[in-house]
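Here you get one chain, nothing else, as structure tokens; it is the form predicted on its own.
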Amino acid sequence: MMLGFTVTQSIGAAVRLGIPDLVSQRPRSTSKLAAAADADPDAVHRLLRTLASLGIFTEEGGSIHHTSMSELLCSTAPASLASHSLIFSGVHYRTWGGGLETFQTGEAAFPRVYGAPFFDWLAEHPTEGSSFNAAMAAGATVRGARLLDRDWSGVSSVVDIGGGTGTALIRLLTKTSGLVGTVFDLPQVRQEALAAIEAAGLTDRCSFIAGDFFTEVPSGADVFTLSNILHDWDDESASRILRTLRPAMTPLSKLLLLERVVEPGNQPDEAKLLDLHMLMVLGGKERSESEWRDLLSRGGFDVTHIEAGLIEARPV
């Protein structure tokens, strides 16, 4: 377990060298992959031997081939994890170097390490910001499946609060004819979002509004969605977001949260690891069922349905 940092950095290095995309072009030996990546052949051989032992790539007949896991690291893969690997082995990795003080004080490490809160820092560093947007878009593709599986009959409008570049909402509108949607997020993602909306041919049914969800959000929609937004914030800040959202809703509006629910007990749970990561980077948290119910109640909502990955609520 203590060697987990070597896995994080090995995956990140492979993606930075472009190896997953090179293997997608054609399987080849580690020496040829190293030559194509302009890297040391012995080091690349040892890197790929280690990753293959973890199920990331496989060696067959002297050539490196993809596995179902290594395919996820290709830049063109659906729901690609390539950008995630860059963030976790880069910006987030350095953040955890300041982890001890976070556990001593309860305050996020990122502002201490980088000199600014995470989202403010991203706005000033466009390269890392683009990687973050790409990672969030890939994640939205997976989380958005929850929305696609729902019955949208009788729903005419939806607002995706903190919808980023619009990935989840675009998929929903593409599948659901007659539904009109709005992506609401910070101004810095406007151009990417508008380009994605235009590329999907949805300019007549999908718009982008820039703003701050601590201040005001678009009003009157049938459904409001927040996907992995509230886990970015502590309880006080998350309650503020909900209290901003509540007046924008009609009595019949629904709130859909695509969020993890921490399982009780001490069984292994990815959400427990991500809970620590949210604390470290943003001062946020993953929440248990009781914590979600309490938070939503404080924000003016009743929970009508809750399961792993999806919470439905209505305004009180």
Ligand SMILES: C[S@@+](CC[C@H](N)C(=O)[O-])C[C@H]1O[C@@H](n2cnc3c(N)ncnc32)[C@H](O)[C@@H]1O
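Don't overthink the numbering: it's just position in the shown sequence, from 1. All values reported here derive from a predicted model rather than from experimental measurement.
Form predicted in complex with the ligand: not shown, discussed below.
For the candidate set 152, 88, 132, 121, a heavy atom within 4.5 Å of the ligand in the predicted bound form is found for exactly one residue, namely 132.
Among the residues 205, 246, 143, 92, the one placing a heavy atom within 4.5 Å of the ligand in the predicted bound form is 143.
Proximity of residue 229 to the ligand in the predicted bound form falls within the 4.5 Å heavy atom cutoff.
A residue is said to contact a partner when one of its heavy atoms sits within 4.5 Å of a partner heavy atom; residue 181 fails this definition for the ligand in the predicted bound form, lying far away. Taking the partner from elsewhere, residue 211 is found to have a heavy atom lying within 4.5 Å of the ligand in the predicted bound form. Contact check for residue 189: a heavy atom falls within 4.5 Å of the ligand in the predicted bound form. The putative spot formed by 136, 162 and 185 is fully lined by the ligand in the predicted bound form; each residue has a non-hydrogen atom within 4.5 angstroms of it. Listed stretches are 192-200, 96-104, 163-171, 68-76; the contact stretch with the ligand in the predicted bound form is 163-171, by a heavy atom cutoff of 4.5 Å.
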